[in-house]
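Coming up is one lone chain in structure tokens, specifically the form predicted on its own.
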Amino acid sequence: MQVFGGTVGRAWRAVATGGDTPTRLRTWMVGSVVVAVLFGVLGAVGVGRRDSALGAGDAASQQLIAVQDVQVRLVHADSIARENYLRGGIEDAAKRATYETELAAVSDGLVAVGNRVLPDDAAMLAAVSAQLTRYSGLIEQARANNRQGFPVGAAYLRTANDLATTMVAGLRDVQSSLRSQVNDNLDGADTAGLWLHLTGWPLLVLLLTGGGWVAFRFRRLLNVPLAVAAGVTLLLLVIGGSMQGSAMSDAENATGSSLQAADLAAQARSAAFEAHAQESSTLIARGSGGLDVAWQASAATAASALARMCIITGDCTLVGTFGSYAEAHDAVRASDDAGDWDGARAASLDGEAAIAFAAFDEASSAAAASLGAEAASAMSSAADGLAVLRVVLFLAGLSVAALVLVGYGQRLREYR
């Protein structure tokens, strides 16, 4: 901005304090050419930086969704492990296969995301990956002891559960970091876009003022090259500003709607699986109702996330679906507290609670997948057109500079 101010100031001093007309013409010409080139270069750089920042925000949002998927799969696997332990020596084969699939997906997901995130986040994911191996071993020891009827299996299961909680905490730290990266990139994109206006409007003022002085000095209504240069500059300010504003608006809308809804859906699913796992743990402890405090905390987290998602999307179906499971869980706890452990176990594993939770799992899985795809699409398309605008701005700046040379050159030739 000091360059702009100095150029304009020198031009006005030359005009205001006298000097021959050719000198004034050259002053206007040189000043306008310099600002026009700066407009092309800095405007293009600003648009390019906004494009890059929005791209980085898009990448961070996709990594956030991927890490959330890893967390949901991990908690799902842990929930299945506890459920199958509750069944005793005879596991549900289909659930066991799902457990293995989910655990493999967690391992692959940790590697895939770890290769795309920042070093600090990659280090946390690597730690989770190392813990996953130990977790899997503990679950196998719990299974082996459970099949033989050894009570020590419950101790291995509790250790595995504690390790799963630690892994989830690590994944949540990574998610928090990625959310910050999304927001920081949006802030950076917003700031970068100002270069178009900080260079364009001074150029337009310089072109209009210089063109007005030329018209007054030479008593000619219009200098066509200068008028075209001013028109091109104004057009680019309007269209370019609109495109940049639209890109920011799309990115912010995607962040505040579909991405946030996908985030909440993942949080709700993770918390719901934690609650379901706690239900199994409570029954494994045979009537130790105090453990239901953990279920209540997880269920409250899931319900809160679903309520917020309902406000954003306008679809509150999952609120009712999870509520049905919560009611079925209350029935499980009532049976257990009344001394009917077998009835509570049956309801949790294959009865109303199991059916209600399966319905929530299916519906929330579909909703999370849909919202995740919508968020990815919205974020990736936000910067569409900025790459082209960057090139157009650079070429336009050079074109305006050329028009300035032609426009003032026409008047200068009259003195040769």
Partner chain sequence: MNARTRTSSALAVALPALLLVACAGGERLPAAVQGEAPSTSAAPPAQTFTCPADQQEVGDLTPKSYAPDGPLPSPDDLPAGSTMAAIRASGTLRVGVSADTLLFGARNPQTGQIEGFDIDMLKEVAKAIFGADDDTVYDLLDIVVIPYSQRIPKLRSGEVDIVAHTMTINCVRWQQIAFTSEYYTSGQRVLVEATSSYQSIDDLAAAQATVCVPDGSTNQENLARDYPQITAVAVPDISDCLVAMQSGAVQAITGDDTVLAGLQVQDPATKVVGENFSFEPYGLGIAADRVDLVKFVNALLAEMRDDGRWQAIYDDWLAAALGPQSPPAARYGRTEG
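As the structure is a prediction and not an experimental result, all values here were calculated from the model. Positions refer to the first chain, counted from 1.
Quick note: we don't show the form predicted together with the partner chain, though the next part is all about it.
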Whether residue 215 contacts the partner chain in the predicted complex should be assessed with a 4.5 Å heavy atom distance threshold; does it? no
Quick one: does residue 345 come within 4.5 Å of the partner chain in the predicted complex, counting heavy atoms only? yes
Within a 4.5 Å heavy atom cut-off, is residue 95 in contact with the partner chain in the predicted complex? no
If you check in the predicted complex, is residue 308 within 4.5 Å of the partner chain, heavy atoms only? yes
Name the stretch, out of 108 to 116, 124 to 132, 223 to 231, 192 to 200, where some heavy atom lies within 4.5 Å of the partner chain in the predicted complex. 192 to 200
Counting non-hydrogen atoms within 4.5 angstroms of the partner chain in the predicted complex, say which of 264, 163, 103, 243 makes the cut. 264
Heavy atom within 4.5 Å of the partner chain in the predicted complex: which of 313, 136, 255, 278? 255
Output the sequence-ordered list of residues from 173 to 208 with at least one heavy atom within 4.5 Å of the partner chain in the predicted complex. 179, 182, 183, 186, 187, 190, 194, 197, 198, 201, 205
